[in-house]
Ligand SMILES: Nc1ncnc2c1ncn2[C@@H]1O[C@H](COP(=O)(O)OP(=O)(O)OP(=O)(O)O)[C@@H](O)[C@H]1O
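A single chain comes next, written as structure tokens; it is the form predicted on its own.
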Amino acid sequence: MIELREASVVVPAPEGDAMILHPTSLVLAERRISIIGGNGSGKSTLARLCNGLIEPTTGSVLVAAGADPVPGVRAERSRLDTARDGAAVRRLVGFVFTDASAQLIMPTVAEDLMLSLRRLHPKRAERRAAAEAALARFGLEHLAERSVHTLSGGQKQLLAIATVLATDPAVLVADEPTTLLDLRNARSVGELLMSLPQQVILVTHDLDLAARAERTLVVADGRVVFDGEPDAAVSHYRELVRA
């Protein structure tokens, strides 16, 4: 579970401070939550607040620590603050970017996945075995020794998701993960996200995919302007677009 308490994001601009996200209070507990809105609406900022990639200018963002102890965090602390406990939060809340290339930094597919497992598996042999298991889970085992630069867009996005999920986060935040993909790969990634055991918070322009969530937030002009049942949220968004 993630809770925003009057969390806002303000950034400096030539004409003065710009409010990217107005003070927002939300409790995000549903297993599938989608976030929709136009470009520049603030929806990606809201997503980045959820795992501490962006810290709130005012207010706070809290993440449930879960049943298992988090390294570096006192066992009695039930919730983590993204500003204070950023590293611990990011171990619990994984993040997938729109452009998978931003997450793939090692030469080969296997090496990239192994990099994400270095904390869980300090021994190289164990790390390699865990990486191979993760690749097999996503049907990528045959690409283990391929350069990440030779992968298709869909393969890159699957690998990016695999590298995040290999560390077994409690929550996965995905920021427009299908935007750069063709229809076939977009559907494949969408199906994968909807099948995961983790809580998934999905920012998307794909309204059909958004409607498969349990709850949908509509963001406009740096505010959550609708929060509720997905079909009603999509209808609200369509009305905003037509206005």
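All residue numbers are counted from 1 along the displayed sequence. Model, not experiment: these values are computed from the prediction.
One more form of this protein, predicted together with this ligand, exists but is not displayed; see below.
Though this ligand is absent from this view, in the predicted bound form it lies within 4.5 Å of a heavy atom of just one residue from Thr45, Thr178, Asn51, Gln199, which is Thr45.
The shortest heavy atom separation between Ile20 and this ligand in the predicted bound form is within 4.5 Å.
Proximity of Gly38 to this ligand in the predicted bound form falls within the 4.5 Å heavy atom cutoff.
Contact annotation for His205: at least one heavy atom lies within 4.5 Å of this ligand in the predicted bound form. This ligand in the predicted bound form comes within 4.5 Å of a heavy atom belonging to Val11.
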